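Given as structure tokens, the chain that follows is alone and in the form predicted alone.
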Amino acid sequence: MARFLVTGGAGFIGSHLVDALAGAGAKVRVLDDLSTGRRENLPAAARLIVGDVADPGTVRAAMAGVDGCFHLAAIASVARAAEDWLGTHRVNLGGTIAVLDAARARGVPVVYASSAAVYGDCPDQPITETAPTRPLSAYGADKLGGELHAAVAARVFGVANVGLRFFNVYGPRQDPGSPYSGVISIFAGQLRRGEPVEVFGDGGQTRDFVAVADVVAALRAAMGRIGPGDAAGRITTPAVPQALVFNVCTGIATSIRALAAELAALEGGTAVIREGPARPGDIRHSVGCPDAARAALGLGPPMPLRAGLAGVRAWLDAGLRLERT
């Protein structure tokens, strides 16, 4: 039976991963400071350690005895990074280095979350992994720094690792009430309250929306490439440590206006769009190329957007039912 550590495992993406790992029979340990994660997101089988991912001693203790580490803990917000540059840097880059250093000491492979923010405003669409990395935010700079440290971890310290550059991840448990959550959760919440959907600029910006279920599949496949192959603990670690980086995306462009229309259609209506001021420096188009990840990790086709949005709607419905009982 494989044993995994998931940092940030009580959060949006992390808790879905923990569910999948525990459901496959793995033993799962979660390190989370609960700043955005929630205890109730975790299955009973998971062991929660409340702690700071940027504290080396805490991370090293949490990693003792595991076969692989999924590093998802982060302050995943461009806006928060702009407001608290030093604080987010400590968590986002300092935490990644703490995880890689503990992995070096424990001999543990690592799959970690990177971000499409490393690309900045890329003129060539869809974006491949070989595109120039020119982050436009402190968050993106820290994610790129994490990739560079991961490459050093493999070459110098023998830590096998895979970085996954997430594009716009959405799904259940993404908080629609937070100003820093994904646009899908925000729009869904506005539509549920009968409010206009507020967009920045004209809403013609395009993004690559990837369902959290597909992200979980990519995370598990990446670990299978460098570490425990499955819950039974079949080890597939290559003789030469690897430091690989892949996009996690669909390759499909969806405009913000089209997204609002899809969500409104699921509610049986039409979206009333309220245009606001364009955000300075907002990237017009960001769509990834999934080909490398599909070939290397054996990933299937992505979940269609409408099916994924229906899952978000069902989750919101369940929450409303709970509130009314």
Ligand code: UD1
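Numbering starts at 1 and follows the sequence shown. Nothing here was measured: the structure is a model prediction, and the numbers come from that model.
Although not depicted, the form predicted together with the named molecule is the subject of the following passage.
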Does residue 128 reach the named molecule in the predicted bound form if we count a contact as any heavy atom within 4.5 Å? no
Using 4.5 Å between non-hydrogen atoms, is residue 198 touching the named molecule in the predicted bound form? yes
Does the 4.5 Å heavy atom contact test between residue 63 and the named molecule in the predicted bound form come out positive? no
May I ask you to state whether residue 250 is within 4.5 Å of the named molecule in the predicted bound form, using heavy atom distances? no
Among the candidates 221, 105, 151, 78, the residue which, in the predicted bound form, approaches the named molecule to within 4.5 Å (heavy atoms): 78
If you apply a 4.5 angstroms heavy atom cut-off, which residues in 200-218 are near the named molecule in the predicted bound form? 200, 205, 207
